[in-house]
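Listed next as structure tokens is one chain, alone, in the form predicted on its own.
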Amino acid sequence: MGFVLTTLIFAAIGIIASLCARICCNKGPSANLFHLTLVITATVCCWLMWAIVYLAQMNPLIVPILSEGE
């Protein structure tokens, strides 16, 4: 999967989780805002962690060195 496709998947999961939080935890406007903030923050943090790991594999800092015997 490419970077853009997986980013769209993360966005879709974030939207679905936001809707679930809005439907399941409907306890007032301030609680809804708090729940949506938590869901959006969690989605962005998970995506950012995935993006860093994905992009770090494209240009590794340490190149493996093979010995002559192997």
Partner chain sequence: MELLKNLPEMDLMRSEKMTFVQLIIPVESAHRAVSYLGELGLLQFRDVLNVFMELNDDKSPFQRTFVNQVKRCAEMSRKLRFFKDQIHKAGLQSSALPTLQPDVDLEALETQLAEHEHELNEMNANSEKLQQTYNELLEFKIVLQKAGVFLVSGKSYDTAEGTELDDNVYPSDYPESASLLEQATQSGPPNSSGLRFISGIIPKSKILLFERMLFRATRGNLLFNQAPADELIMDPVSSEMVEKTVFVVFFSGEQAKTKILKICEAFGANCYPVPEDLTKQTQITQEVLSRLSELETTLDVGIRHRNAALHSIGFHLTLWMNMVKREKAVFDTLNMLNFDVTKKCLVGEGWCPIFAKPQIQEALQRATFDSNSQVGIIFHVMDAVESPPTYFRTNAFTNAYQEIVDAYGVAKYQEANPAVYTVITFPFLFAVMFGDWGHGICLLIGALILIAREGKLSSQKLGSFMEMLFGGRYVLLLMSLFSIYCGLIYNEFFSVPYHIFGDSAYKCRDDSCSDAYTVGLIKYRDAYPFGVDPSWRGSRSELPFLNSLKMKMSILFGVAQMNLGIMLSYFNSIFFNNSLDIRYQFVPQMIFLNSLFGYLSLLIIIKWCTGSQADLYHVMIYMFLSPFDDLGENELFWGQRPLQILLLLSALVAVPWMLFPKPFILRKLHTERFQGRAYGILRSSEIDTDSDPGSPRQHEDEFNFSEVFVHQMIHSIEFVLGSVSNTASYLRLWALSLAHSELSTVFYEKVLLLAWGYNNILIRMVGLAVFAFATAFILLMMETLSAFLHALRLHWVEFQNKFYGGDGYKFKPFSFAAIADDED
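The term rigid core refers to the most C-alpha atoms you can superpose between the two forms while keeping them within 1.5 Å. Model, not experiment: these values are computed from the prediction. Numbering follows the first chain given and starts at 1.
One more form of this protein, predicted in complex with its partner chain, exists but is not displayed; see below.
**Student:** At the 4.5 Å heavy atom threshold, is residue 4 in contact with its partner chain in the predicted bound form?
**Tutor:** Although its partner chain is absent here, residue 4 would stay clear of it in the predicted bound form, with no heavy atoms inside 4.5 Å.
**Student:** Can you tell me if residue 26 lies within 4.5 angstroms of its partner chain in the predicted bound form, counting non-hydrogen atoms only?
**Tutor:** It does not: once its partner chain is placed as it appears in the predicted bound form, residue 26 has no heavy atom within 4.5 Å of it.
**Student:** Using a 4.5 angstroms cut-off on non-hydrogen atoms, would residue 56 count as touching its partner chain in the predicted bound form?
**Tutor:** It does: once its partner chain is placed as it appears in the predicted bound form, residue 56 has a heavy atom within 4.5 Å of it.
**Student:** I'd like to know if residue 16 sits close to its partner chain in the predicted bound form, meaning any non-hydrogen atom pair within 4.5 angstroms.
**Tutor:** Output for residue 16 is no: heavy atoms all beyond 4.5 Å of its partner chain.
**Student:** Is any part of 32-46 within 4.5 angstroms of its partner chain in the predicted bound form by a non-hydrogen atom, and which residues would that be?
**Tutor:** Residues within 4.5 Å: 33, 34, 37, 38, 41, 42, 45, 46.
**Student:** Has the Cα of residue 24 moved 2 Å or more between the shown form and the other one, judged after a core fit?
**Tutor:** The answer is no; the displacement is under 2 Å.
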